[in-house]
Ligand SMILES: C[S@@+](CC[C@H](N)C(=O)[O-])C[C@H]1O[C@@H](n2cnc3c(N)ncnc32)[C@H](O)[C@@H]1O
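One chain comes next, on its own, written as structure tokens: the form predicted on its own.
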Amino acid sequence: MMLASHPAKRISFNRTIGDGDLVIVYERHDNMKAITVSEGSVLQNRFGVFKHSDWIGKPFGSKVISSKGGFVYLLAPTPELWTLVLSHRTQILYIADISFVIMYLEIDPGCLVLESGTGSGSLTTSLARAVAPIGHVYTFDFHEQRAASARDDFERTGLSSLISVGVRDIQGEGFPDEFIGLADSVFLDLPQPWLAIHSAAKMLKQDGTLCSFSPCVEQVQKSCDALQSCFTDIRTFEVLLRTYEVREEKMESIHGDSNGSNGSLPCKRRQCSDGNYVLSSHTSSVMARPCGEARGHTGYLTFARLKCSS
């Protein structure tokens, strides 16, 4: 389970892997997969064969060895890791945008959050952790199959008690009247968010906050025009994240001509183009460099605060 509610209302992980638990199998930073542990099942990959039965009882974070000596790590399915391994039914929000959204919407334990649309559920899982253990996220998608798939994912990750998934066209129908004046925050990820802004305003408590995610600046402009009537403190951000990859690499050191090795490092004698000989040795060093594939623009985040009625 992604989250476990402690009896004393404190969030904690079940740190020991059990039969039926979801784990993130980590091969390397760009190769992870979500696996449901099942007694009698095996995982086969380039590192060998791994028996699920060997995983049961181990703490999350364990390094497990395959039949041929390869290894993987078994990680707890945090919202951050789930975002990296989930099925992309739609374009998703990534960690940089998600953390920014949660901070600017002022979401904390006990909040009631409305979201539309659900999509792949990347943001929804992080919203659930932020409102746990006594808050709730009500998320809506107009696509029935997508909503059903998201519901299955939340059940799989142990978040179904914190998330309710509804099928509804928020742009055309607005949010259900049962939430009028109850929501602490509203998040919109819609093609035409300006059509839902009036409904969102009715759902929010006094001083409630709204965020709209849009990939195009034209959508932002129309949304900001619609926000003017009921909202204040309107701001738009674009979050750009640059990731670095840290790895150990071998570096060659060149020494002057000598009859023997320099120090204790293993050396090779090489002849240069001028006929002279030099000694070369290899040392290991940890290097940090930008990742080859950098995610650029994902979208614009527009935030606003409901105007006081007095």
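All values reported here derive from a predicted model rather than from experimental measurement. So that there is no doubt, residue numbering starts at 1 and follows the sequence shown.
Keep in mind that the form predicted together with the ligand is missing from the display, and what follows is about it.
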Quiz prompt | Option from 106 to 114, 133 to 141, 203 to 211, 228 to 236 whose residues, in the model of the complex, bring a heavy atom within 4.5 Å of the ligand | solution = 133 to 141
Self-check item: One residue of Gln219, Ser199, Ser122, Thr157 in contact with the ligand, assessed in the model of the complex (non-hydrogen atom, 4.5 angstroms)
Solution: Ser122
Exercise. Heavy atom within 4.5 Å of the ligand in the model of the complex: which of Ala76, Ile92, Ala183, Leu162 fits that? Just give me the one.
Key: Ile92
Practice problem: Find out whether any non-hydrogen atom of Asp97 is located within 4.5 angstroms of the ligand in the model of the complex, and reply yes or no. | Solution: no
Practice problem: Indicate whether Thr118 is a 4.5 Å heavy atom neighbour of the ligand in the model of the complex. | Solution: yes
Quiz item: Does the ligand get within 4.5 angstroms of any non-hydrogen atom of Ile102 in the model of the complex?
Solution: no
Quiz item: At the 4.5 Å heavy atom threshold, is Glu80 in contact with the ligand in the model of the complex?
Solution: no
Exercise. Taking the ligand as it sits in the model of the complex, which residues of 153 to 179 have a non-hydrogen atom within 4.5 Å of it? Please list them.
Key: Arg168, Asp169, Ile170, Gln171
